[in-house]
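Just one chain follows, in the form predicted on its own, and it is written as structure tokens.
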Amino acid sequence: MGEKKASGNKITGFFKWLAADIADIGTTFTDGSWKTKLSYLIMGGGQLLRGQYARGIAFLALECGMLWFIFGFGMNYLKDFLTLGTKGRGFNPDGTISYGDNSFFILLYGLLTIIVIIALILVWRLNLRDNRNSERLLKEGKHLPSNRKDLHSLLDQNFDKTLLALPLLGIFVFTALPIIFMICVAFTNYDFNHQPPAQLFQWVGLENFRNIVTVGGKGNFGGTFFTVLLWTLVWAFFATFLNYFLGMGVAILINKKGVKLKKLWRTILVMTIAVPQFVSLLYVGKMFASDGLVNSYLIKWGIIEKAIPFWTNPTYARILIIVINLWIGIPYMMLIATGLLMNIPADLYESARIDGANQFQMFMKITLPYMLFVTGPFLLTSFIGNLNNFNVIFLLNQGQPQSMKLTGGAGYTDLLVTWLYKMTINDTNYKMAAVIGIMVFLVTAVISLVVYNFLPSVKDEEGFQ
């Protein structure tokens, strides 16, 4: 109830802020001088007339550049944004090729144009605020910042903005824009049969999302999606917690008093980390093939009569993947746990022994609570990482075995992320791949938000201080 009230207050607060900002725009125009009014049309005009040439030129250059992009380039694509093109490739009456529209470019550059328009509005609003502040300073009898001071501030008090400008631009171009584009593709029919420039693709609304959750029927992916999602969650659970507790157990055993050659045991375990996963996983995958080393020697020694279907039986394949992942994950957790165990005060264990506690009780009451407190965030990130663990699954068996019961090229050991890869590369079904990408985000976001609030280090930050 409290959360709903807080959400309602935030929404109400946003609309109040928006109304106040719009009112401020009107007040600035009404009370402002003609120089400020000029800036409503020509950004930077007021600054230039007041002698603030650095600011004025910057605002004017941004306005000219954005308007040139919008009307000189972007509008050619934005005008077809709602249809994503109507004229496909064909032939002109004289026999020459008519390439027509390109839905891909219309969507990409149309999105970019919308973003530039939003940016233009924000810069325009910033320009008005700067004019209002300048008028306020003049009315108070104060001097406006000089051009030299403005330029110097870019290397002094505003140096953080100067330093972050290029990285933020890179994040937008290479991260934010592709994500927005992918989300939009999920609402289209962009697939193998709609490949621009030869064919156009169009908006289809929520049709793809209905297909991904609808079980049964031609063209629906619901059965496969829920099968892959369930295995993804099961895999992430075992891959995270088995590695965590077994790695901790190995660290406790090695650190135990009386154990000799501790450095040797740690070195042997670390060797699995030294070998690149790309090499080791491919090699192990071949070892358990029908004609691999494992089956060959088991048959040679007379233990089995025919090859064990490690990768062709869904149950065997899933169990084997979880077991092989232990070989990769335990050494990492062992190294982390070794350092943390050394930081637990020895007085706690000594007091527990005096009180008559046994080894198991000391582990449950001292070691485990401390480890969970310190490594809680790491445990959450490991779980999320395993939800998207592409390497282990794809390098071992490419998500096999496949079945006619599973659509979209999915296999019984595919995770959502490997299924997304197959949908993109093998089937060129970009629309459903984009939907799966959104589903992966929703699953990871929900798990992260829910679990994070239950972590001991979040609920009781001073529990072990």
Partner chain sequence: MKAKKRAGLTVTYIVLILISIIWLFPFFCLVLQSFRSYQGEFGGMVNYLVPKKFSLDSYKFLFQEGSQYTRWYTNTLIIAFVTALLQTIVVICVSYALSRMRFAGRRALMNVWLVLGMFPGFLTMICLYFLLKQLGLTQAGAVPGLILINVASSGMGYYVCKGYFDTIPKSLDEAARIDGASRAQILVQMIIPLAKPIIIYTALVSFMAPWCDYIFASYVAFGHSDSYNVAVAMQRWVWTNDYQGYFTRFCAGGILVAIPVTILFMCLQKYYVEGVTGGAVKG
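Residue numbers count along the first chain shown, from 1. These numbers come from a predicted model, not from an experiment. For the two forms, the rigid core is made up of the largest set of C-alpha atoms that agree within 1.5 Å on superposition.
If you look for the form predicted in complex with the partner chain, you will not find it shown, but the lines that follow are about it.
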**Item:** Position in contact with the partner chain when the complex is considered in the predicted complex, options 116, 204, 250, 344, heavy atoms within 4.5 Å
**Value:** 250
**Request:** Tell me, out of 171, 303, 82, 215, which residue has a non-hydrogen atom within 4.5 angstroms of the partner chain in the predicted complex.
**Result:** 171
**Request:** Look at the candidate spot formed by 105, 164 and 274 and say whether the partner chain comes within 4.5 Å of a heavy atom in all three of them in the predicted complex.
**Result:** yes
**Message:** Given the stretches 226-234, 127-135, 205-213, 177-185, which is the single one in contact with the partner chain in the predicted complex, using a heavy atom cutoff of 4.5 Å?
**Reply:** 177-185
**Item:** Residue contact check: residue 241 to the partner chain in the predicted complex, 4.5 Å heavy atom
**Value:** no
**4.5 Å heavy atom contact, residue 316 to the partner chain in the predicted complex** = no
**Prompt:** Looking at the partner-bound form in the predicted complex, is residue 41 within 4.5 Å of the partner chain by any heavy atom?
**Reply:** no
**4.5 Å heavy atom contact, residue 356 to the partner chain in the predicted complex** = no
**Message:** For a quick check, can you give me the residues of 274-304 that have a heavy atom within 4.5 Å of the partner chain in the predicted complex?
**Reply:** 274, 275, 276, 277, 278, 279, 280, 282, 283, 284, 286, 287, 291, 293, 296, 297, 300
**Message:** On a rigid core superposition, would residue 151 pass a 2 Å threshold for CA movement between this form and the one not shown?
**Reply:** yes
**Asked** Has the Cα of residue 193 moved 2 Å or more between this form and the one not shown, judged after a core fit?
**Response** no
**Message:** I want to check residue 357: does it shift between this form and the one not shown by 2 Å or more at the Cα, with the core superposed?
**Reply:** yes
